[in-house]
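Only one chain is included here, represented as structure tokens and corresponding to the form predicted alone.
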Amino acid sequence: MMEAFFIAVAPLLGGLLYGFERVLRARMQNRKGPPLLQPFYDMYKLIGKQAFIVNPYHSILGIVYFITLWIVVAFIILGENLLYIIFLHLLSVVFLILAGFSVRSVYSHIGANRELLATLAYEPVLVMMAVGFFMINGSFEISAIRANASSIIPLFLLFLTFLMIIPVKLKKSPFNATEAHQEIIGGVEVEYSGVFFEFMYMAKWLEYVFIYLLLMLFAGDNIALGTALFIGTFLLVNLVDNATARVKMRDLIKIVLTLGIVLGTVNLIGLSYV
């Protein structure tokens, strides 16, 4: 029953988290900033906007991206197989990339290209993380991972690598080249408007829920540690976002892929000898 409730309100929880992040970022920059519920006010304003449809495939792919991402979050809450969840999440990103390529906009194509490259950089890290959990817990089932003790010590290098890909997924500096409003005006979302942009907007909230639910797996059955990891990581990601500039796309790939593969491989090899 509780699982069904959290699945139903997952986009709203993501919206609250996004709103709190905007408040926190404003405080870090010594300005007042928007209210906590500003993301929902923005959603309400979007309802009144005219929905311009570039082509039916573009609109449908955006909606399918949102729905698939919601299913991914639901499977995490229900404690399903982590490996399947990672592949299903990859499928949702494929829908997003196809949406970017389905229109003629150059900015959308550049954004889709960058999204594809970023996916190739962080996806191996997620798979290695799943393998690490399997080596510790003997199962890919999230329910089993949550029932066991914290894995953060034996998976510490993979944990550090996972921290590195959070800014990529949430499009935060220094790894926000996939969105880069100043250069490509939002990338794949540039041609969305009205109610169709709402789906893209809510999908961004679900990405927050997805990434922080994965983060809390490192705490296992330790709720206090999971809460501390969530709060500490949330503050760290936003501090780094405020304190750093965006790196180029090739540097994003080089840093995330190279460092992620090296640290992940060392961690997995070390586990095989324990």
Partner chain sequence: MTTAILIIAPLLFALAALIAPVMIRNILTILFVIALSALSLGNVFSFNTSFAFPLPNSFHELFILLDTLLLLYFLWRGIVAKNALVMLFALVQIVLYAVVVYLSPAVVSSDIFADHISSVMYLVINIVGGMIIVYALKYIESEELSRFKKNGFIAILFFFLSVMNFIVSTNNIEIFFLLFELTTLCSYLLIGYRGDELSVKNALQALWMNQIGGVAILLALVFSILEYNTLYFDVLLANIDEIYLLPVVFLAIAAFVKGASIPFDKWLIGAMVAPTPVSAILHSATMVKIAPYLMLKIFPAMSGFLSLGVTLFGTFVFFTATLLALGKDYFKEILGYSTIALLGLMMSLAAIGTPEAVTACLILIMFHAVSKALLFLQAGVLEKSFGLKYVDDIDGLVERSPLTVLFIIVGFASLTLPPFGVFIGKFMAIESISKEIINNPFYTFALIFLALGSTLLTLLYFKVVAKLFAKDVDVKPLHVKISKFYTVPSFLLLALLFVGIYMIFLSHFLSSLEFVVPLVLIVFVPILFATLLFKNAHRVKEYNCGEKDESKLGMYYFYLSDALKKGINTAAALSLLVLIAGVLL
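Residue numbers count along the first chain shown, from 1. For clarity, every value in this text was computed on a predicted model and none was experimentally measured.
Although not depicted, the form predicted together with its partner chain is the subject of the following passage.
> Answer yes or no: in the model of the complex, does its partner chain come within 4.5 Å of a heavy atom in every one of Tyr41, Lys49 and Ser143?
Not a single listed residue reaches its partner chain in the model of the complex, so no.
> Counting only non-hydrogen atoms, choose the one of 165 to 173, 90 to 98, 145 to 153, 197 to 205 that falls within 4.5 Å of its partner chain in the model of the complex.
Result for this chain: 90 to 98.
> Examine Asn222 and determine whether its closest non-hydrogen atom to its partner chain in the model of the complex is within 4.5 angstroms.
Answer no; every heavy atom of Asn222 is more than 4.5 Å from its partner chain in the model of the complex.
> Classify Thr68 as contacting or not contacting its partner chain in the model of the complex by the rule of any non-hydrogen atom within 4.5 angstroms, answering yes or no.
Judged by the heavy-atom cut-off of 4.5 Å, Thr68 is in contact with its partner chain in the model of the complex.
> May I ask you to check whether Leu16 falls inside a 4.5 Å heavy atom distance of its partner chain in the model of the complex?
Judged by the heavy-atom cut-off of 4.5 Å, Leu16 is well away from its partner chain in the model of the complex.
> Look up in the model of the complex whether Thr161 has a non-hydrogen atom within 4.5 angstroms of its partner chain, and give yes or no.
Heavy-atom contact with its partner chain at 4.5 Å: absent for Thr161.
> Within 118 to 146, which residues come within 4.5 Å of its partner chain in the model of the complex, counting heavy atoms only?
Thr119, Leu120, Glu123, Pro124, Val127, Met128, Val131, Phe134, Met135, Phe140, in sequence order.
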